[in-house]
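Read the single chain below, which is given as structure tokens and is the form predicted on its own.
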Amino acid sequence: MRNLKFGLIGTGFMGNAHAIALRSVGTVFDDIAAPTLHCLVDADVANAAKLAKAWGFDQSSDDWRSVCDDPDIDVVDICTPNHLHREMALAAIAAGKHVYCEKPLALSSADAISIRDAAEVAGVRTATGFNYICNPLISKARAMIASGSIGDIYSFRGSYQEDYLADPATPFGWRLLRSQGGAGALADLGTHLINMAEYLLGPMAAVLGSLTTVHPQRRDSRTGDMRTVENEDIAQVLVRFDRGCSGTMEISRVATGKKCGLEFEIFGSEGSIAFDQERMNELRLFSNGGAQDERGYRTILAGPEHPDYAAFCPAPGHGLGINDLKVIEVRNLLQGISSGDHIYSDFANGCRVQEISDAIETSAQKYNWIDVSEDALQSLGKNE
């Protein structure tokens, strides 16, 4: 594996998280060649230069196209607002670069399909920023489900709830515009939950959605005017999975008190599994068997026996953090580029999530179930 050169576009919260992961991955995983932080891009050239120095990049620029066209760069890393993903990803793919893009992949299924297909035709490797599935305990939960540890799966209950827009006085921002954010809570939070549910239980078969905007207007802090919120604050979804079980999902950006409320419970014939991202180093397991008066959930603490944990820490119970999941995600990308193996989640996964998100919106508009099987979505794409 050679040292791949990265061009990172975007210097916000996620740009910083990606920079931390790129700097750390070669230290954490000693079989990974540390990537070279070649160029950092921000629309503000002075800010780009300042952060490039602080984050360890060789160069800085305010021209994202120059990164795509730079023959020295191997991977273009996109951490910009949602509406910029498609143009930047397509330009990078056209230049023959591997592409790492934050979720959601695009504003619509049509745009996501165009990105996915372009990458497949070009033969470049891709990754979408679904870092939560990189948690070693999520890998453990997936393995337990696959092995039958909790028996036949009966149902799934998932939620991703935060409160960053619970206060009606929070000012208007780009995420509330369809033209820049796409969907609301669905795009920002729900995409993670959709990806998580399919990672654990396999493909969804159908969805029935309901969307609610709690605060229809917010004040623009620059002009003082009230502006219309163009997408949903809350999404509630009924789900059927290919494997035969049913489920529910609730996604909210106005859930007062929730900070990173990505949670799920999976119920089976022989037990159940529960997870809460706010306690991301704990997995709760209930198993049938044993004395009736001793039954109850027990807590599994993350430790070196779980995939990838030992690379960070040799002792159990000390815990990983959110940036550590990004390190694992970057490792997966670098390994995939080197080996040619499937990268989970690549742009095909990112596209699938976008198609399901769009189907939930369509379902809410039409008040009916939408078939999200792969055959149905392929047929729908051909007819659009």
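What you are looking at is a predicted structure, and each value in this text was computed from that prediction instead of being measured. Residues carry their position along the shown sequence, with the first being 1.
If you look for the form predicted in complex with a further copy of the same chain, you will not find it shown, but the lines that follow are about it.
**Q** Is it true that 151, 275 and 345 each have at least one non-hydrogen atom within 4.5 Å of a further copy of the same chain in the predicted complex?
**A** Checked in the predicted complex: no contact with a further copy of the same chain for any of the three.
**Q** Can any non-hydrogen atom of residue 198 be found within 4.5 angstroms of a further copy of the same chain in the predicted complex?
**A** Answer no; every heavy atom of residue 198 is more than 4.5 Å from a further copy of the same chain in the predicted complex.
**Q** Does any part of residue 250 reach within 4.5 Å of a further copy of the same chain in the predicted complex? Heavy atoms only, please.
**A** Close contact exists here: in the predicted complex, residue 250 approaches a further copy of the same chain to within 4.5 Å, heavy atoms only.
**Q** Is residue 158 one of the residues lying within 4.5 Å of a further copy of the same chain in the predicted complex, judged by heavy atom distances?
**A** Answer yes; at least one heavy atom of residue 158 falls within 4.5 Å of a further copy of the same chain in the predicted complex.
**Q** Taking any heavy atom pair closer than or equal to 4.5 Å as contact, tell me whether residue 48 reaches a further copy of the same chain in the predicted complex.
**A** Residue 48 lies outside the contact set for a further copy of the same chain.
**Q** Going by heavy atoms within 4.5 Å, which of 222-230, 77-85, 103-111, 239-247 lines up against a further copy of the same chain in the predicted complex?
**A** Contact criterion met by 239-247 only.
**Q** Going by heavy atoms, what in 49-79 lies within 4.5 angstroms of a further copy of the same chain in the predicted complex?
**A** Residues within 4.5 Å: 51, 54, 55.
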